[in-house]
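Okay, here we've got a single chain as structure tokens, the form predicted on its own, with questions on binding and movement later.
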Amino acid sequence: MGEQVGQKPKRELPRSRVLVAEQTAKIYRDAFAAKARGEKVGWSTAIFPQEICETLDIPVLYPENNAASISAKHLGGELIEHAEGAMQYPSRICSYARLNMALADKIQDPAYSKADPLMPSPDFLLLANNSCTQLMKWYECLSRDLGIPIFFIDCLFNYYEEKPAKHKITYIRKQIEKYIWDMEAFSGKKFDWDKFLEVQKRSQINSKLFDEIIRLNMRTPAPMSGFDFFNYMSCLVLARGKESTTVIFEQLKKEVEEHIANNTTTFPSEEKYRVHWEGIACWPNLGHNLKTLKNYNVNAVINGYVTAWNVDYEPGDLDSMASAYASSSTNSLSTNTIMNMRADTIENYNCDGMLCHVNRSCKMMTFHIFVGRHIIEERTGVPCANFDGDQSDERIYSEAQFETRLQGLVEIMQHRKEANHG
């Protein structure tokens, strides 16, 4: 059928985005195929030592990433309703948890196919509490309801330390070593330490590549809309140790460098203001977020969420790996540490302001915003604005409030620019 008269043609996706979609589809296909062959398939929290199952060739999928994808397609409402209704979970807990626990219940019916993407039912769970303590209760519920084991790594919260203390690193390394032995016994597969080293090296190549790409957005005007980075996070969550992710990131870096060379950008309007976006994306509301930012010429050039997946360590050094997983998520750090990190980013990326998503689901991240916002304002002098929302629950977000808060932030940023330029 031909294109309708007056309908705006869709922008062609860059090659890197096509590769992301192909990689994600293959990972899900491979998981379903393994399940059909009677092999073990796992579900994991987002920042867990994925290198072990990658080494053992055991398929692992990630409920947080899956919930984000379902929510972005506006398919999460029915699952959240099922969690709050038939399953009797309260609305005040994480919406990722509600959505995923409902999905875990629904997929016990082989005929269920409404969620996209759909995950096979897991045979085991991988849990690290480095990003959220609520993950523990979420995965305990999954374990209870599905009758499957949890492999748990306790990462400990860092109240005062910039880096984990030595005894904490030893504690976490010992858990990683035990997890390797336990997974060997559970899967019946022999762990290959040489292959493990190669997976670690690939993981670091990919983490560093993504970091290099994000840093290219320090340029003014930025070559990328900061929201574009949301499309590539899945590579580090699902496939940080895979060569296919290297291919994607090399292609993306090439595309960004071409934008810089040609003085072009993926941001869909003139970049008058640059802001740091703080918090997880409002996945069901990304379209409205971006449209409103575009209308006010505001590019969210950087955010702390997309940088959380760069787990930086020395391959072959389990202490280094343990330290990286203990502190890779900013939710495992003190408010003073995380907000000073944000202040550094605001200065490095030449931001005019900070736009904070007060996420109903992510209590820890929201806590940092409320009690640490003054650190940003005192250190950088830039204005901050908050808006209410949620990562999956569309009922929390108000389009009118988002625009009003952004409009107020723009007025302050404009006044500061005029004052600074006389």
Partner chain sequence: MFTLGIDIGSTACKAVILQDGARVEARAVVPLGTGTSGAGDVLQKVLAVKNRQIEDMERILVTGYGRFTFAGADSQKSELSCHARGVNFLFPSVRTIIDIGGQDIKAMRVNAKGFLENFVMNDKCAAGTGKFLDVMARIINVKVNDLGEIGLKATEEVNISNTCTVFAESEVISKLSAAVRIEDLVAGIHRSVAKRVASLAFRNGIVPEVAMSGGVALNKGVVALLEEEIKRNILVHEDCQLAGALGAAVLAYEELHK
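Positions refer to the first chain, counted from 1. From a predicted model like this one, the values you see are computed outputs, not experimental measurements.
The discussion below concerns the form predicted in complex with its partner chain, not included here.
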Checklist outcome for this item: Among Asp57, Asp30, Asp388, Glu39, just one has a heavy atom within 4.5 Å of its partner chain in the model of the complex, namely Asp388
Next on the checklist: If contact means a heavy atom within 4.5 Å, which one of 58-66, 30-38, 45-53, 390-398 is the stretch that engages its partner chain in the model of the complex?
Outcome noted: 390-398
Next on the checklist: Against its partner chain in the model of the complex, would Cys362 count as a contact residue? Criterion: heavy atoms within 4.5 Å.
Outcome noted: no
Checklist entry - Taking 4.5 angstroms as the cut-off for heavy atoms, does Tyr296 touch its partner chain in the model of the complex? => result yes
Checklist entry - Any of the heavy atoms of Cys356 lying within 4.5 Å of its partner chain in the model of the complex? => result no
Next on the checklist: Test of understanding: in the model of the complex, would Arg17 fall inside 4.5 Å of its partner chain by heavy atoms?
Outcome noted: no
Checklist entry - What residues, if any, in 375-413 have a non-hydrogen atom within 4.5 angstroms of its partner chain in the model of the complex? => result Glu377, Pro383, Cys384, Ala385, Asp388, Arg395, Ile396, Tyr397, Ser398, Ala400, Gln401, Glu403, Thr404, Arg405, Gln407, Gly408, Leu409, Glu411, Ile412
